[in-house]
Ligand code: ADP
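The chain below stands alone, shown as structure tokens; this is the form predicted on its own.
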């Protein structure tokens, strides 16, 4: 017993480790240490039978009440070579955990590079020594920037004069990226230690943007942070940012938690994109956290947040209308190029079974003959969404999900895009033996095949056949395939590019003069109230890929067009699209949202349950609803009955959800905080024995 007594010089520290919210261990665990520690320090501590990485969160003068000092375990190794994570970073993580209803340790430790968790002190010292040797020189010659346009100059002048969150509302091709570059350039010039965080929605945009920043800032450290990096790369880039060697960090949503001790500017490019909202684990919005982080950083050193988009989210637009954000408009395109003219193709007047209107095909032929490029948008990959037998009604359903397996003709497989189950295409109907099973619907693979046939006789200016290519998740699986396909497009080796929404995000194609949307109507009447907003943004962003090089368009003597095939040409969405009038569209949508008290006028959360049976999932949600009576904020909430999710079974797991709505964000947050321990206790009820997991999604993007 004498050996277990802590020395009189011992100090007590609360350490945050990775513990699930339902573990009941709380946000932190108390350890003793024989030497002084600093909040934010990285340490190794015993947890059960293993040793794990932890973050010192707070220091204590004495152990908490009820804790036996003799039984308190000691902190192990301390990663002294790494400076502590500063207070502002810890406040950001604590806020995210609290607001999105996750365990503090889950958010804090997931924000660190995974490779850091297993590094020993000696290994870390070697890595840091290599980083110090490879640090960029403190001075050098950066490449000179192009002259700014009047819109860009005006935006930059306004940015210099404000610290308020800024919504940069710039049409596609207006040069928003140049504003980001010049704003970063000014900071790096004025403050030799300043750091800049630039966020993009998708990994496929990171190399393109990184190349522009590296070209502009040759004398500064530029690194990226995204899930496409290897563990070693991610650790190296995180360390260079944390140590201040990297002056500019580019990344996807995970980068919002990067440790940047001298952060002065946060840029969120394409801020409207739903990819900024995580759909797993801590379901956080990186865009919203960027605004919050800038405010935290400004308590120490002024930090600005710049949200850029040609089609801002309605939440950001509403915030600007209220004066919480400063809205800057950049309505003109670089070089004075015109925005695409809308050409609606009324499918009611096309020949029966028409997939691509003859007039649209002819327009592609004419443009290819002049050396111009066309972009065809269809937001569905694969050859066809489903195979079917018309004799017995069989469909290619996934055996593990309540969804169809998608037909991929190129390798003759049926693939479930939800659980990944893959099987070979049957030679005949598995139920009745009918040999005539046919594809229903169309995907990018089929459109690529049909266009190749329709354009078989068309020729490029050099007399070569027209080349059709495809860009989607299936064609960019292998390393380097995305870069290769984009390079072919930029080099003019592709005449018609077929792709999903990934082709509409930020790519700077110089020779595209025609953009076509094939299957547009799915978003017009979807049950999701956000569907019109997503469709309008997608069409506007896709249209923005056309006519970006005004000199090329003028030289060709061509027109820039957006073709949209639809069965409902009179829909009001297309009237706003024809005028490129996002403000009018946003005003109409916000009016509808206000009438229904939908976000941003109301606030929502979803509770999702997964169980072995649908009955168990809904039973747990029903009990959860009943258990919420009397909790703080309950009188200001509406709890709707539990229902199955749209895809209710995935990988043999049944899913259900329950919606919470409130006009008051504080009331919703107070209720959720009080509800968490109640929900954890419900796991042990016999009625919900089949429950596998549950999660709360605050500010959900889809219902």
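In this text, all values refer to a predicted model and were calculated from it rather than measured experimentally. Residue numbers count along the first chain shown, from 1.
Unshown form predicted in complex with adenosine-5'-diphosphate (ADP); subsequent notes refer to it.
- Just one listed stretch, out of 356-364, 164-172, 339-347, 197-205, contacts adenosine-5'-diphosphate (ADP) in the model of the complex at the 4.5 Å heavy atom level, and that stretch is 164-172.
- The closest non-hydrogen atom of residue 334 lies within 4.5 Å of adenosine-5'-diphosphate (ADP) in the model of the complex.
- For the chain shown alone, residue 311 is not a contact residue for adenosine-5'-diphosphate (ADP) in the model of the complex, no non-hydrogen atom being within 4.5 angstroms.
- At the 4.5 Å threshold, heavy atoms of residue 146 reach adenosine-5'-diphosphate (ADP) in the model of the complex.
- Of the heavy atoms in residue 212, some are within 4.5 Å of adenosine-5'-diphosphate (ADP) in the model of the complex.
- Each of 152, 176 and 510 comes within 4.5 Å of adenosine-5'-diphosphate (ADP) in the model of the complex, counting any heavy atom.
- The contact residue chosen from 287, 247, 470, 548 relative to adenosine-5'-diphosphate (ADP) in the model of the complex is 548, the criterion being a non-hydrogen atom within 4.5 angstroms.
- In the model of the complex, the Cα positions of residue 206 and residue 547 lie at least 3 Å nearer to each other than in the form displayed.
- Relative to the displayed conformation, the Cα-Cα distance from residue 92 to residue 206 grows by 3 Å or more in the model of the complex.
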